[in-house]
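Below you'll find only one chain, the form predicted alone, shown as structure tokens.
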């Protein structure tokens, strides 16, 4: 049976991706740090689809947390077909106010965790038939947004990691990214903020977590000749100035 690991699986994009992969026939290792209630709910939902589910709680800002996730996967399988690096943090802070601790935590979770978690699981990926890695990047990794300097830097690094690993781990392991734009607004956005963003989206609507999940399924199951590519899942927003 094919096995997938999803980080940040308890809510939003991670939850939708978990359910999509379960419906596609994957057994799952699901990670969360704080969203443990959501992790429990999505585990139960995936189990009703007949999948074998394993969960792990870990702080991916630490090397111990990354190793804890890797150790959990190694304890339940000898091969790994899919990793979806979805876990991440998003923080609005003026550049001059960003502390070294905030910067380091942002890079640790958004960039270093995918880097070293994949590294730790390479033997299991290489043992799989057609392994695939997906990075959840962001339009903010390509276009500067005021007050998100440390976030933008982390996602720009993840874009480069996608391309680097697609080259270095080829031909057996494929590595791609999905770059959401206006998908699943933060809960604290006002109606005015939402309307302002949607005016810049040619598709005329907010994206959904399910839009992202469908792209994950396409990349891991239906696109065997696609690697080193980042899908802009943004309703056309990046196509215009």
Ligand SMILES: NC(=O)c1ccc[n+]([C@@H]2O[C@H](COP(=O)([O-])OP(=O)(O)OC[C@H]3O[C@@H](n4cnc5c(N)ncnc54)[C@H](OP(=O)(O)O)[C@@H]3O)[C@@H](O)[C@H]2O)c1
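Worth saying up front: this structure is predicted, and the values here are computed from it rather than measured. Residue numbers count along the first chain shown, from 1.
Absent from the display: the form predicted together with the ligand. The rest refers to it.
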- Query: Might residue 117 be said to contact the ligand in the predicted complex, defining contact as any heavy atom within 4.5 Å?
  - Reply: no
- Indicate whether the ligand has at least one heavy atom within 4.5 Å of a heavy atom of residue 125 in the predicted complex. no
- Task: Report whether the minimum heavy atom distance between residue 77 and the ligand in the predicted complex is within 4.5 Å.
- Result: no
- is_contact(residue 59, the ligand) in the predicted complex, heavy atom dist at most 4.5 Å: yes
- Heavy atom contact within 4.5 Å of the ligand in the predicted complex, the stretch among 83 to 91, 163 to 171, 142 to 150, 96 to 104: 83 to 91
- Neighbours of the ligand in the predicted complex among 113 to 146 [non-hydrogen atom within 4.5 angstroms]: 136, 137, 138
